[in-house]
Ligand code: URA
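Listed next as structure tokens is one chain, alone, in the form predicted alone.
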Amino acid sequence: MAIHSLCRIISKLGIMSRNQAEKIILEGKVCVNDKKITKPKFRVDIVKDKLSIDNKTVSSKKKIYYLLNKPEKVVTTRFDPEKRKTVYDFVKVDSWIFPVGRLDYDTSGLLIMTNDSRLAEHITNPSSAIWKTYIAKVKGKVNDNLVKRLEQGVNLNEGKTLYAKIKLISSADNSTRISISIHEGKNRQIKRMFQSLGIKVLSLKRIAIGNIQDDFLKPGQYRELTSKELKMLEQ
């Protein structure tokens, strides 16, 4: 963890979000080495410096890890100005936790929620090569040529997408079910990949994060990750 901004250190310790940390720092509730600090970007060495909030010494919170099967029509935020359901309506725990990455409002499936910033960064970093697998139902027929184009990467506004793993599952009269695995997380990436080729996504579900799957976890249900699953993520 080493040296980071004060608000980031508080977040990394699993105490609260970075935005919440910034607020209490500005309010003068945080001290470093018994000196009040009101600058969120103040640099702190978590190994050497003493950190306290409201005169209470801060230590790293116990790390917790949950796997949620997010239903459709649920947002991956704590508060929603449109009063839609959020993932926090389903995962109700006493400790502060956050979702690792996001699933769109209309996208369902597996989502990890934790207070471990280090592991979250590892999972979401493309260089970690942790594949996230989705089942997409798209409008129309998808041929081998389109599959190859998706696999090799398509151009989005932020640049070309990385290599993806694509597999055709089944085809009906006017729709196709496809398995697609990616290890990066651009905003609405999969839907935009298909859209770039003129293909409309009808539904999207994430079924795996790395080797973690759970066919028995119903929409809206959650459970703790096992020690074996955590080791698989950390490899």
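As the structure is a prediction and not an experimental result, all values here were calculated from the model. One-based numbering along the sequence shown.
In what follows, reference is made to the form predicted together with the ligand, a form of this protein that is not presented.
This chain is displayed alone, yet in the model of the complex one of His183, Arg177, Lys191, Lys29 has a heavy atom within 4.5 Å of the ligand; that residue is Lys191. Taking Leu103, Leu150, Ala136, Met113 one by one, only a single residue has any non-hydrogen atom within 4.5 Å of the ligand in the model of the complex, and it is Leu103. Contact annotation: Val44 falls outside 4.5 Å of the ligand in the model of the complex, judged by heavy atom distances. The ligand is not drawn, but in the model of the complex it has a heavy atom within 4.5 Å of Leu204.
The partner is not drawn, yet in the model of the complex one stretch among 35-43, 49-57, 183-191, 168-176 has residues with heavy atoms inside 4.5 Å of the ligand: 183-191.
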